[in-house]
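First comes one chain, alone, set out as structure tokens in the form predicted alone.
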Amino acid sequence: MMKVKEAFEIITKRFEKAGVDSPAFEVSVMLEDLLGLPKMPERTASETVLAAEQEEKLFAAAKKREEGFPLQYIVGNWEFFGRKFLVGEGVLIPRPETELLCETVLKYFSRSMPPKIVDLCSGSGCIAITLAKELSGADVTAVELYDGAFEFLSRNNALHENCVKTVKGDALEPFGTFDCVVSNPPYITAKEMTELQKEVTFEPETALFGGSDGLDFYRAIAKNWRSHINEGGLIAFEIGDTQGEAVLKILSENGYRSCGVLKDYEGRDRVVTGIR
């Protein structure tokens, strides 16, 4: 029988050898989320021993992680904007830089009447659900086309009190009228798709590939949804860090005004907005 501290040290060293970015952190996450143990090993008594089934489960998960399988898929959830979202194969993993997209929308509507918002290419629903929870009274609709992602969207909506409306449909086919269109669409270029980190290759291509230049969804959403945004309403996109000027041009060519690019916390272009 193996002690928790011993397992922690063994797997941490294996992760270091495998090139995992934050090995100690990832092992601590596995201990907490898979086994229900405290994250920090020093909080666990050195004499604490793993049950046989716990040891088997932990080392099986570690092997998958060494092979490049995403940690988030292994533990089955990830935090976004302080809330837990269920994730797994078939849905894009929520990332911290996307929180800036939510913050941008929240700031725009902070002093207005509760807005009507549609989140396109919603995936896990992390954007839509965050906006619904943070903007009291907001009417938020989440649109997702693909079965696997829509299942996670539905499960996360249920987890968060069914706070958004869910629509299984094509994000490029508009409906209704809204005060805000928000989207983190697929934006990886054809060239970039051949250079992805191993763990990203496990995420659905449909949530990543944005056409040869990565801009297909920006062009279509900006054009197709413009007449479905109320006057003075907001369109807000997450972008790849080299796409700021190109997406600004797309918005201006489609008649949006006061367009701008916001940088993330690492100083990289991350969000583009425009006003209808």
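Numbers follow the displayed sequence, beginning with 1. Bear in mind that the values here come from a model prediction, so they are computed numbers and not experimental data.
Keep in mind the form predicted together with a small molecule is missing from the figure; the text below concerns it.
None of 91-99, 145-153, 104-112, 68-76 except one has non-hydrogen atoms within 4.5 angstroms of the small molecule in the model of the complex; the exception is 91-99. A heavy atom within 4.5 Å of the small molecule in the model of the complex is found for exactly one of 229, 61, 29, 207: 207. Only one of the listed residues (188, 172, 135, 86) places a non-hydrogen atom within 4.5 angstroms of the small molecule in the model of the complex, and that residue is 188. When contacts are judged by a 4.5 Å heavy atom cut-off, residue 130 does not count as touching the small molecule in the model of the complex. Residue contact check for residue 184: one or more of its heavy atoms lie within 4.5 Å of the small molecule in the model of the complex.
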